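One chain is shown next in structure tokens, namely the form predicted on its own.
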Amino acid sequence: MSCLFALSGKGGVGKTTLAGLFVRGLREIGRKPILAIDADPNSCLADMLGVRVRFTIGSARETVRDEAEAQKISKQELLRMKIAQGLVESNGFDLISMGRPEGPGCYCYANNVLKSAIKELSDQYPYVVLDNEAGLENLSRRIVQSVDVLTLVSDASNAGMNTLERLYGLAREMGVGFRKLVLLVNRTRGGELPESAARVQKNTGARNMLALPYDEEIATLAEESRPVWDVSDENPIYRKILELVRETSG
């Protein structure tokens, strides 16, 4: 049975960097092997983890039907083969990336492929970290229906606090189940939660709501597209994430 962490939030708040730190934290405390899933079309999680993606699930949308007919195999079997080809193996974790569907059209097919891939791959890993697309669309597409730890990320602005409530409401509306809810408020002033945080915590019922202060080392890491392994062991943001995954992954 896998322990699945899903991160979602407003764009530009450091969600993917935090997802990378979740993977690093889980690996450090021996919670491995880990499957990291980049469900964001911008595909930045690979950079955060210092690996290179060779194939994305989204790119299969335009080719699977014709290739399956030519090879006289089912589309599902061909997808399994392509997913295996696209799985990036590393030390203690593997990565699969959704990427951006090629050509015109909606994401429906790529999302269905991703759902199938998550279901099939997750059973093979005791720990899974899913980095969702920024914004609200990721939940409305129902990429997953149940997670162990739903982590919603925002900044400390009023808009950010409102987004946390909307994401929570949408998760409930879409029937996304979770065992634990974590709210991360990133890049706060002085590491303190804003006044509106008490309202958000009450309305969501979240037991875990953490303020993460602005951190120069983390900011430089993101700006230079360096991997999370370069963050110092004693970095205060990393130490908080490490304690969080230790607490919620057991």
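Just so we're clear, the structure is a prediction, and the values are computed from it rather than from any experiment. When you see a residue number, it is the position in the sequence shown, counting from 1.
Missing here is the form predicted in complex with a small molecule; even so, the following discussion is about that form.
K.L.:
Give a yes/no on whether Ile218 approaches the small molecule to within 4.5 Å in the predicted complex, heavy atoms considered.
P.N.:
Yes, Ile218 lies within 4.5 Å of the small molecule in the predicted complex.
K.L.:
Any chance Thr204 has a heavy atom within 4.5 Å of the small molecule in the predicted complex?
P.N.:
Heavy-atom contact with the small molecule at 4.5 Å: absent for Thr204.
K.L.:
Would Ala46 count as touching the small molecule in the predicted complex under a 4.5 Å heavy atom rule?
P.N.:
Contact with the small molecule, no.
K.L.:
Against the small molecule in the predicted complex, would Pro194 count as a contact residue? Criterion: heavy atoms within 4.5 Å.
P.N.:
No, no contact at 4.5 Å.
K.L.:
Taking Arg31, Lys240 and Val245 as the candidate spot, are all three within 4.5 angstroms of the small molecule in the predicted complex by heavy atoms?
P.N.:
Verified in the predicted complex; spot residues all out of contact, no.
K.L.:
Given that the partner is absent here, state which listed stretch (66-74, 49-57, 210-218, 194-202) has heavy atoms within 4.5 Å of the small molecule in the predicted complex.
P.N.:
Stretch 210-218 is the one.
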